[in-house]
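Next up, structure tokens for two forms of one chain, structure 1 and then structure 2.
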Structure 1
Amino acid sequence: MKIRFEELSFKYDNTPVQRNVLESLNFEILEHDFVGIIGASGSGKTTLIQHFTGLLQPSSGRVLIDGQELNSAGMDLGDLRTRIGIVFQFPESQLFEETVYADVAFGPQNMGLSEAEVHDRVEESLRLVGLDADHFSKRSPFHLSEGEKRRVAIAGVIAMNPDVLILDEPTACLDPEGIRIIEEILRGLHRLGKQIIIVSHHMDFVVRLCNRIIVLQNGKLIYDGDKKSIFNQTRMLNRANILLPRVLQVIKRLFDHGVIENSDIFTASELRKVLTA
């Protein structure tokens, strides 16, 4: 699915803040994209997400889904929201059913699928987030660990079988093991052909996963490109109030002091390989 933002601006009505929260955004999400959207708090990340499925209407400009304008008469928003799945921040706070099964089944049931199809979708979604359906289906989502709750919430979105999955701060408040699991899940979904968009200020995580990075500052897009070139732009990152991830600070330090010769490594595991080679 191609999602194109054209000159999109947005400001909230009836608030004291009368500036544009998003300003003249132009970009396109392509098939197979694995995009990280980063930016400091208040840069407009979460507001941006809500424009992907028409949860917010642009004040000016437009969003095109495969060439069709999102707010046009012919656009079926209900259908669009099954094709673009959004996992909001702390999605576990939206779990509400008595069992894990019922919670994950909620979306596909609303789509009017047969019980047999719903069943398959639930099992498949739980499998994709690494939860054993036999073990978890009948349990209450409220008595799972934080990481498991989040995975159930993600499964609930995957169960609608979207082409595009958008996640807002998927790692917030998880421990390193929980973060690693989410990372694996997202890699797996991307391999299955899903387009994935992660919104996060956890930069290490974004850099490990994504092949394309978009940087927002005060509602403006100030960078859109691959991760290889982004880290040479320290000045741009400073301007956007973004701290270089710890691992990259270490890599930069080693490179500047001539301990390593490679400046094109981005993750701890790449650094380990270089040092032990």
Structure 2
Amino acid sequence: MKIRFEELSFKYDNTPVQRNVLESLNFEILEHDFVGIIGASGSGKTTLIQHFTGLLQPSSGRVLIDGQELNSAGMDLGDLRTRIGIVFQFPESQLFEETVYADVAFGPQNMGLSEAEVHDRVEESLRLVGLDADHFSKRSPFHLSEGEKRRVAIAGVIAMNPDVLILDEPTACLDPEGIRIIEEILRGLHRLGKQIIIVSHHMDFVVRLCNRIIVLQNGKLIYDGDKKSIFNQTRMLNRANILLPRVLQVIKRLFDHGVIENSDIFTASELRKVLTA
């Protein structure tokens, strides 16, 4: 699926100060992309993702889905919202049924699938997020840990088999082990052909996963490119109040001092291999 934003601007009409929250954004999400959208709080990240499926309408500009304008008469928004799945920052905003099974089954049931198809999708979706269906199906989603709640929320979205998965701050309130599990889930979904878009201010997480990074500052796009290039743009990152991940700060210093010959490494494990080779 190709998603294109052309001169997209947006402002909230019911606010005292009438200013653009998003301003003249131009970019395209391509098939097989694994994109990180980063920016400080208030940069417009969450407002942006609500434009992907028409939850918000542009004040000006347009959104194109496979060449068709999102607001055109022929666009089926119900169908689009099964093809583009959004996992919001707080799982509780998506969990509402009495059991995990019912929660994950809700989307497929509303797609009109048979009971057998719904059952298969629930079991497969729970498997993909590392939750055993026999153990979790009858449990209340509200009695789970934060990490388990987030995984159930992801399962509920992927049960509709979307082409694109968008996650808003997927590491919020998670411990390091919970973050590692989410990383593995997203890597697995990308290998299955899903387009993944991560919206986050957690730079370490984004760098480990994404091949492309978009940076927003005060609603404006100030960078769109591969992760190898972004870390040479220290002034731009500082201006956007974004700090380099600690491991990348170390890698950059080692490279600048000639300790390592290659700076195209992004994790502590990769650095360890280089230093011990």
Partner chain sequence: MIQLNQVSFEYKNDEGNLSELALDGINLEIREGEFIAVMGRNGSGKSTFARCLNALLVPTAGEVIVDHMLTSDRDNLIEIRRKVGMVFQNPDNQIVSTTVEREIAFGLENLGVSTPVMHEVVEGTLRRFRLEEYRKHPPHLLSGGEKQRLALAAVMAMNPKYIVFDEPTAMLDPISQQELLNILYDIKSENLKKKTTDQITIIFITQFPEETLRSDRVLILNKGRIAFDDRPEYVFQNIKEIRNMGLDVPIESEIKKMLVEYKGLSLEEVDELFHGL
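These numbers come from a predicted model, not from an experiment. Sequence positions of structure 1, starting at 1, serve as the residue numbers. We call the rigid core whatever largest set of C-alpha positions still superposes within 1.5 Å between the two forms.
A.B. asks: Which of these two chains, shown alone, is the form predicted in complex with its partner chain?
C.D. replies: Structure 1 is the matching one, since it is the form predicted in complex with its partner chain.
A.B. asks: So, does Glu169 move by 2 Å or more at the CA between structure 1 and structure 2, with the core held fixed?
C.D. replies: Comparing forms between structure 1 and structure 2, the Glu169 CA shifts below 2 Å.
A.B. asks: After superposition on the rigid core, does the Cα atom of Asp204 shift by at least 2 Å between structure 1 and structure 2?
C.D. replies: The answer is no, as the C-alpha of Asp204 shifts between structure 1 and structure 2 by less than 2 Å after core alignment.
A.B. asks: Does superposing the core leave Glu92 with a CA shift of 2 Å or more between structure 1 and structure 2?
C.D. replies: Shift of 2 Å or more: yes.
A.B. asks: After superposing on the rigid core, how much does the Cα of Asp256 shift between structure 1 and structure 2, in Å?
C.D. replies: Taking the core as reference, the C-alpha of Asp256 is shifted 3.1 Å.
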